[in-house]
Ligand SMILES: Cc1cc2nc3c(=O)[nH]c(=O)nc-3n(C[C@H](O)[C@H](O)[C@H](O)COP(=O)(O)O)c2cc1C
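Have a look below at one chain only, the form predicted on its own, in structure tokens format.
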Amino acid sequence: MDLSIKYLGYTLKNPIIVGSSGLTNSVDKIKKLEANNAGAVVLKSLFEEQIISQATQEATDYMYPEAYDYVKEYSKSFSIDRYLKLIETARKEVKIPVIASINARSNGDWVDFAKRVESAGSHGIELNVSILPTDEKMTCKDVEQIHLKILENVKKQISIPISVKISSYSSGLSNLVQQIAWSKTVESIVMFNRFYNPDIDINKMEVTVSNVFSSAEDLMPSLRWIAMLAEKYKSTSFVASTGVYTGEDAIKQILVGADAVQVVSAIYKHGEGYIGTILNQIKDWMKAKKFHSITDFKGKMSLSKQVNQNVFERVQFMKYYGNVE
């Protein structure tokens, strides 16, 4: 069975990419993932606001402006240097692609950091553009322009491939994907990033964090959108993220047009060896269906292949639950 795929210009031995998380924040962890046949890894994100917050917090302990500025810059440099060291060391010790990740909310000074990531040896950059549209003054067009401006400015800085991880929070998602694809600034679009979700502890009357892991049901939004969009923009790779727990989940995403899938929660729950389980499930299915490579079945269940194209565009349950009593 040939499970190899092309992604960001590289040949991956299989379509299982370990997504940005605590699973990829050290060289030792990345080596374990490689040993268990991960196709590639996306490093734990360096957050734009995390750097700024850390630098500011440490610098406030100093009274004099000169000391404040010095400590602020040192703290920022220390965070960045540590991240760059992770890239450099990982590149030396593993053979699978190592992709840096930047979690961005604005088109700010962090853009210059992309150049240093490239110099450190990263195979590519995944830009996780996390904009929750809570500002009533910000229009859909404003949000789209932030995406496009970030990508445009980063593209000017580097020559390594760029992937963008977008949110499902867009009132014009198809149009946003179209603009990103037509801009020629990225090689890949990852659907979708997973936001922090608040919860309420009704006993302590406190805001808490909801379950940080995805669930199997989280697979469906990306499945729908990749099925509708991947074939329209064939020069751009599409990657499914969130809710991929089994080989069956990965197969479904590839059938609708995904080039690869990102897996995180399943590995947290079952360990690095579970990558092999997912791959064996894919191989068993391919053998049963007499497929010899990933390309043999990629996109076979996309929107254009459906006799009734409403199957992916339908938003109402009436047809299915109308007779339920």
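These figures come from a predicted structure and were not determined experimentally. One rule holds for the numbers: they count along the sequence shown, beginning at 1.
One more form of this protein, predicted together with this ligand, exists but is not displayed; see below.
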Exercise. Within 4.5 Å of this ligand in the predicted complex, heavy atoms considered, which of Ser163, Ser222, Ser122, Ser101?
Worked result: Ser101
For this session: Spell it out for me: taking this ligand in the predicted complex, does every residue among His147, Leu173 and Thr236 have a heavy atom no farther than 4.5 Å from it?
Result: no
Problem set entry | Exercise: Phe113 in contact with this ligand in the predicted complex, heavy atom 4.5 Å | no
Exercise. Might Ile278 be said to contact this ligand in the predicted complex, defining contact as any heavy atom within 4.5 Å?
Worked result: no
Problem set entry | Any non-hydrogen atom of Lys298 within 4.5 angstroms of this ligand in the predicted complex | no
Exercise. Taking heavy atoms and a 4.5 Å cut-off, does Lys44 contact this ligand in the predicted complex?
Worked result: yes
Seminar exercise, completed: In contact with this ligand in the predicted complex (heavy atoms, 4.5 Å), from 86-94, 174-182, 152-160, 238-246, is stretch 238-246
Problem set entry | Members of 254-275 lying within 4.5 angstroms of this ligand, judged by heavy atom, in the predicted complex | Gln262, Val263, Val264, Ser265, Tyr268
